[in-house]
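Heads up, the chain below is alone and in the form predicted on its own; it's given as structure tokens.
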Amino acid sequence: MMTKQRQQLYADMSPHNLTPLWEVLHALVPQAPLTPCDPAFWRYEVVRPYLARAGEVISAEEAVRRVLILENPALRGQSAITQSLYAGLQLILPGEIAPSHRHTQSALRFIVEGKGAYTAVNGERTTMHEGDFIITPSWTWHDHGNESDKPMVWLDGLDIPTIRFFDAGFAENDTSQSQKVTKVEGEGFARFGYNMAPVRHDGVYASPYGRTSPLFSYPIARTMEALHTLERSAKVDAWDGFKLAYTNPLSGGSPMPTIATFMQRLPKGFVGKPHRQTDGVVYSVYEGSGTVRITGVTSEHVFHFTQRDHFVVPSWHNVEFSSPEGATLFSFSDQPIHKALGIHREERLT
């Protein structure tokens, strides 16, 4: 009950930039996570024509990055898919170059459509294939080019909202459109991609990217080999199917300090149990089809997905997967930040 004395207190102290904690305490320290984000779904067959139209009205050079942002419907205008993560679909046409630049934000690419284009990072190129996971680490020069005869589309995932929260965003354009290639393609993978590392990797061969993995390309062929081997021989997890986390080969942790990445296989006939976690998760469907049920405190969403579709599961929402024919899903989240702060929590429900 608001008394006259209390009302007067609020009015008198307001000009001094003072407000009463007791009026907002339950909102600031809730009984359970209360995200403003909504579950959302982007069907690729709906999005793809808009990407094609974008290719007609603006060049990759003019746009710098020709991307359609996957914007959470509850966060319109914020260029965010969750409160900490950004996601978008980037198109590069045959013969185009997305010019070289660098920024403090960490970025990932998951190749959604096409093959034969490249990403260059700090003087090394990698040819991209559908399903590859590629990193452009914080403050590294990177450019993209398409020397194939088909369009290329990939999912961009960045920690833009996180860096914005810390007011730590910097960017710089290169003096040339494409950086000079100074390394043989695959050199980084040869050093760090075979469960081995240079003997003195803490010195001259240390990761040039700080806490980010020295590998910036994780080929889909090796990923699927691992998942299919597990599918043939291991016991299926009742919540995730078969799920693997990409790792930094030097630390065993996440490839990027702010973003964790995963690939999971839902075997044919899979009906999963519900689970929830504090990190919101963005999904890209690599292959197959299925259904995801996402349940919050007051709402339930059911999305039927197929190859190249995308969706987001907000923090502390129950998620259940099912797949009559089988499916493979790439995903990323801000889990490393949660774990570094000691606030990550997960519940597996039965």
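These figures come from a predicted structure and were not determined experimentally. Quick note: we count residues from 1 along the sequence shown, nothing fancier.
Beyond the structure shown, there is the form predicted together with a small molecule, which is absent from this document and is the topic of what follows.
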Q) Might residue 65 be said to contact the small molecule in the model of the complex, defining contact as any heavy atom within 4.5 Å? A) yes
Q) residue 121: heavy atom within 4.5 Å of the small molecule in the model of the complex? A) no
Q) How about residue 144: is it within 4.5 Å of the small molecule in the model of the complex, going by heavy atoms? A) yes
Q) Would residue 109 count as a contact of the small molecule in the model of the complex, using a 4.5 angstroms cut-off between non-hydrogen atoms? A) yes
**Q.** Among the candidates 178, 90, 277, 223, the residue which, in the model of the complex, approaches the small molecule to within 4.5 Å (heavy atoms)
**A.** 90
Q: Let me know the one among 164, 129, 243, 103 whose heavy atoms come within 4.5 Å of the small molecule in the model of the complex, would you?
A: 103
Q) Exactly one stretch in 110-118, 182-190, 247-255, 150-158 has heavy atoms within 4.5 Å of the small molecule in the model of the complex; which is it? A) 150-158
